[in-house]
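One chain is shown next in structure tokens, namely the form predicted alone.
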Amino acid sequence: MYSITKGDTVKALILAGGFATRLRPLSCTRPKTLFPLVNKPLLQWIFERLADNGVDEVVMAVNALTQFYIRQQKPPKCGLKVRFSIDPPKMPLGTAGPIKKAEKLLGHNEPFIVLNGDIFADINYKKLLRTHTETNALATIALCTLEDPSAFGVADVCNGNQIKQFIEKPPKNEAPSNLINAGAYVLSPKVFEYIPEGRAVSIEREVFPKLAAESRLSGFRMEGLWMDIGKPQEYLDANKTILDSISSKLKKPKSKKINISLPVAIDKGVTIAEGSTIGPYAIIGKNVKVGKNVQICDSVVFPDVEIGDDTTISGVIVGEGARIGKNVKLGKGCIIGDLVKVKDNVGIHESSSVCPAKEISENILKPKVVC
């Protein structure tokens, strides 16, 4: 049995090599782990929680493009030592292959944390590590309760924390429980022996079931927020939930010329002209310029956006550097990519998407993807 003692280096591996295809067109220009949640990159939220839980070192398992974006944006490291393990080009390694590839960086001295880089979760990693070291398990999975677990890995737990069966994405209404893999787990170094080298390996389909069959897989029932941001509506919902959770710490802008309906989050350098109504659930990034009589609610506006007078934005995600003209109507569920230009007096139908750097000069009258 391994144990973490004072002076040991506690390491975490963050799996962030995916391409976030369901979040296109926004993920065409940034990895999911750099998507802002209430004006702070998801990766920064993850770093902060790991640092607060005694983690010393992080290994980022990424593709080369994600490494480039992270180095370019430079999210605060929160005192962590950060290193990179790069997936081979044109050969994604799945969810276990990157763990095997990072074996030398992670070492064989102590158990280490592994977490998905696209999940927001209030996991107590200290308790997760302690639970792991108190058992004979080789892997301990953080478990979250979900009403419909069919889209996730599901654990069948017995004898307290022991997982007797792990099933990845069972058919609806056939799951053995509603306890899902929360996307975070602790592994003992012996797990490296269960992961073949040089190919894509699924930890959920190939490794966890073997460990369960050997009674070496345990569970840790987490408490607190847990959110997947894999789809646009999930991303908007996550921003709303986090905004609710921190709203008491946010200051309401003081202005008699604009209407603020809390909760809202307005970053540095934002200018808002008179007569505009902001909120509820408006999240506005750095250096955004908002014109007169604009309405923004239930939306996330990335940094450096310009929004013209009399425009309405509701239930929308607006990408970085976009230019939205005057008297524009963006329908619920619209996604406006980075650097898009929407001309004056244009209406865009609900659930439409516009790819980066496109120019829209005519109304879009039915749901459409503009590429």
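Everything numeric here is computed off the predicted structure, so don't read it as measured data. So that there is no doubt, residue numbering starts at 1 and follows the sequence shown.
Just so it is clear, the following notes concern the form predicted together with a small molecule, a form of the same protein that is not shown.
Problem set entry | Contact test in the predicted bound form: S361 vs the small molecule, heavy atoms, 4.5 Å | Residue-level check for S361: no, no contact with the small molecule.
Exercise. With a 4.5 Å heavy atom cut-off, would you call P189 a contact of the small molecule in the predicted bound form?
Worked result: It does not: once the small molecule is placed as it appears in the predicted bound form, P189 has no heavy atom within 4.5 Å of it.
For this session: Using a 4.5 Å heavy atom cut-off, state whether V62 contacts the small molecule in the predicted bound form.
Result: Heavy-atom contact with the small molecule at 4.5 Å: present for V62.
Exercise. Though only this chain appears here, would P25 touch the small molecule in the predicted bound form if you measure heavy atom gaps against 4.5 Å?
Worked result: Output for P25 is no: heavy atoms all beyond 4.5 Å of the small molecule.
For this session: Work out which of G279, P209, G291, G94 lies within 4.5 Å of the small molecule in the predicted bound form, going by heavy atoms.
Result: Contact with the small molecule in the predicted bound form is made by G94 alone.
Problem set entry | Segment assignment from 111 to 119, 261 to 269, 68 to 76, 283 to 291: heavy atom within 4.5 Å of the small molecule in the predicted bound form | Looking at the partner contacts, the answer comes out as 111 to 119.
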